[in-house]
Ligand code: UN1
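Let's start with one chain on its own, the form predicted on its own, as structure tokens.
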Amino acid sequence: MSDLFKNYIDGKWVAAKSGNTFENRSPANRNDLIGLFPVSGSGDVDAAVTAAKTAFAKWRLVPAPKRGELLYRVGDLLRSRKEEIARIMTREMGKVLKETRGDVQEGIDTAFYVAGEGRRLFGATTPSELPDKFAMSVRAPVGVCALITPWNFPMAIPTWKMFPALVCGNTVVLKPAEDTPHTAVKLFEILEQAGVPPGVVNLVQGRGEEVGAALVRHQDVQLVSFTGSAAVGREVAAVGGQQLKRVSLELGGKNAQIVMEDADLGLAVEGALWGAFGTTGQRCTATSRLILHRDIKKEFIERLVARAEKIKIGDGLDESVEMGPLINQSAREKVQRYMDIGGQEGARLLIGGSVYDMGPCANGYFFQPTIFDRVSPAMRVAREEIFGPVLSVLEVQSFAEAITVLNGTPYGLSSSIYTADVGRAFRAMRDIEAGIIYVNGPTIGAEVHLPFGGVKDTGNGHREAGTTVYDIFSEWKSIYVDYSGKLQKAQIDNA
């Protein structure tokens, strides 16, 4: 009999009001049933939001340093269960163990980083323009926050949203992706064990069109933080705009790695492989475009293809495997469609391009590492987010052209340039239209203490992680204390 999992609402593990469940199966082996999870609806969302709203009245009054100390306990517990959670994550979403260990580590790092911010939620003091008057600004919590997260980083992304929200004094309702419900359960087991009070954190499992939509529209949700596709992000923003609630969006990317003629080619090849095929290309920061200077293109492609052909595909629980499956059948079908699109547009397939179903991979959603050459900037494979192990190669003749090509997509999340010229590196940092820029490194590898996010269709201007995340999850109050004993009129009495 399959394991049966529940929602976590107001400090209790409860079934969905519908009584219905959905199956969670491993993408590496469709015969591997992980468990049954609640098919929740608007009634479950309402219960969770009500619990969060009630808990907010007390949680906001807990001193921020104390909230931080609780998150430090969460970090310790995550660290003690790192291997267990990594294996659960690999089983349910497919990426290899070294990557799921890194995913859990990101949650650990975020817990410890945010715990310290409990003593550094700085405001500002400033001189008043009038005598005997004090002026300052402080942070205040927003209220109930709805967190809607994707499946590709099922520990890292929920924690980098939730922990800053909590340390600021907010309460939260998490709706994780239906492809990774088990990892979310493990996170909430740890939150419960750490002693987070009932109602402060709530977990509602289910489908986006039901649970996610109900959360976004709920009148008692003050803030929505969403990571996912640009199409859904626009819908979330529209609803939030109608209700005048705060919305933070972290959406897609079409990230590029530039390799100039003076680059360390061996280093750049390894960066391209890791950026394109790590997590089977299923990262918003994945390297999906490779912009090569014409002088080194031939040699670079030869090295890249030779190395890509050796990538071992299989179940991520096998330590020798380098690339796991795509997340589900729909994702694999989408990647396959882009094989046809690339061919129709005139791109040349160098390697891959097909489903991989050899041996033990026959029952999973595997796809070969794929490289397209002779790609032009106007092609769909150079502009649209494929979210799979597909790399498009574009040739340029100069540094200026490389920057123009890199900027020529609707997205602006991550970017990379390999060069030995420090002048080029700094001009790239100035001119690239992206929220994240790497020099002599791949497009993936963000760290929790720097802002994460991008420009154009990548989001709506907010940045997660780093210090900037606190501007999402807190309100500013400006406070004036006049101890002069008389009416003083700013901009009038000091004119």
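From 1 onward, residues are counted along the sequence shown. This structure is a prediction, so every number in the text was calculated from the model and none was measured.
The next section is about a form of this same protein that is not shown, the form predicted together with the ligand.
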Report task. Work out which of the listed stretches, 326-334, 116-124, 146-154, 194-202, brings a heavy atom within 4.5 angstroms of the ligand in the predicted bound form. Result -> 146-154
Query - Candidate from 451, 461, 65, 445 lying within 4.5 Å of the ligand in the predicted bound form - any heavy atom - result: 445
Report summary line: the ligand in the predicted bound form has a heavy atom of only one listed residue within 4.5 Å, and of 373, 178, 106, 261 that residue is 106
Query raised in the report: Does at least one non-hydrogen atom of residue 284 fall within 4.5 angstroms of the ligand in the predicted bound form?
Result: yes
Query raised in the report: Are any of the heavy atoms in residue 160 no more than 4.5 Å from a heavy atom of the ligand in the predicted bound form?
Result: yes
